[in-house]
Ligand code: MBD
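Just one chain follows, in the form predicted on its own, and it is written as structure tokens.
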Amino acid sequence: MTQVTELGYMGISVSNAGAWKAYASEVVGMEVVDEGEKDRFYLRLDNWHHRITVHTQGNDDLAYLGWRVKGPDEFEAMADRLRAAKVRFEICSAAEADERRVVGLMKMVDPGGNPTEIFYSPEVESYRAFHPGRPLHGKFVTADQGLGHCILRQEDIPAAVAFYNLLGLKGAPEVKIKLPNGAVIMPVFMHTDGRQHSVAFGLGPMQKRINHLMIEYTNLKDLGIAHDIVRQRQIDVALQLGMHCNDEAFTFYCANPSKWLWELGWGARGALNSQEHYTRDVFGHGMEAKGYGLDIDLG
């Protein structure tokens, strides 16, 4: 069955371009690429032209997600499947594809209202080395695991699961979290590649389209240095250092300049062959700064 192979790229809109350039490069270690376009700049993590486009319109939220398919045959097969399922989408012009630095592009909206794109053949700059914004001991985990993972706003969880199943992602609830009021939430985690999950939802009401984006380092030293920089700059930390139960990544969650979260991590395991569920994290992830949609006891 044709399926998307990875979360390839993301677009975000921001109100403070200068703060974002400093955060992405000096704190996280990404390469900032500014090609003189008045309304955007790019964040590079590997040899792709970019993994994140930063649009400077000013609403401080997710602008779109881009899911990759292998090539033109799979692109056409995905379009056929979406038509059969009566999902509304648009095959984009060559100019629109060029804007995304891809060859083929289609656009739609997922059940939660999140702009969603399917693409093939990203622009890869194999001639140009990746230059991190600050010195790194390793690099970022991308390649066949894509950009990272994210948690999105979804009100109709069954509809969201059905939509992402249609794209070829698989998954189910993996964590049972008991809330202080006695209620239990069971967020859904879905994967399409070797990454343990690429998208998740079901944490409850969210002010923004996105709760967090997880970016993973290959070297633990880089995560530790990022944590030191975050603390030195007194950037809000929503969840302290800890290890998750499902992907077993060692991570922490810090605020970005748009007031949602980036989860910086290391050491995540891959997707399992069979489903499991958990009731608490392995260790850590104590709550600290509140108001970022993760005021949840994971211990």
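All residue numbers refer to positions in the sequence shown, first residue = 1. None of the values given here were measured: they were computed from a predicted structure.
As for the form predicted in complex with the named molecule, it is not shown, yet the points below apply to it.
With the partner omitted here, the stretch from 25-33, 239-247, 267-275, 39-47 that lies within 4.5 Å of the named molecule by heavy atoms in the predicted bound form is 239-247. Here the marked residues Y9, L65 and D110 all miss the named molecule in the predicted bound form; none has a heavy atom within 4.5 angstroms. Checked against the named molecule in the predicted bound form, the residues F75, Y217, F163, F189 give one hit for a heavy atom within 4.5 Å, which is F189. With the partner removed from view, the residue among L169, V141, I151, V102 that has a non-hydrogen atom within 4.5 Å of the named molecule in the predicted bound form turns out to be I151. Using a 4.5 Å cutoff between non-hydrogen atoms, H197 counts as a contact of the named molecule in the predicted bound form. In the predicted bound form, L294 approaches the named molecule with a heavy atom inside 4.5 Å. Residues are counted as partner-facing when one of their heavy atoms sits within 4.5 Å of the named molecule in the predicted bound form; in 248-279 these are Y253, E263, in sequence order.
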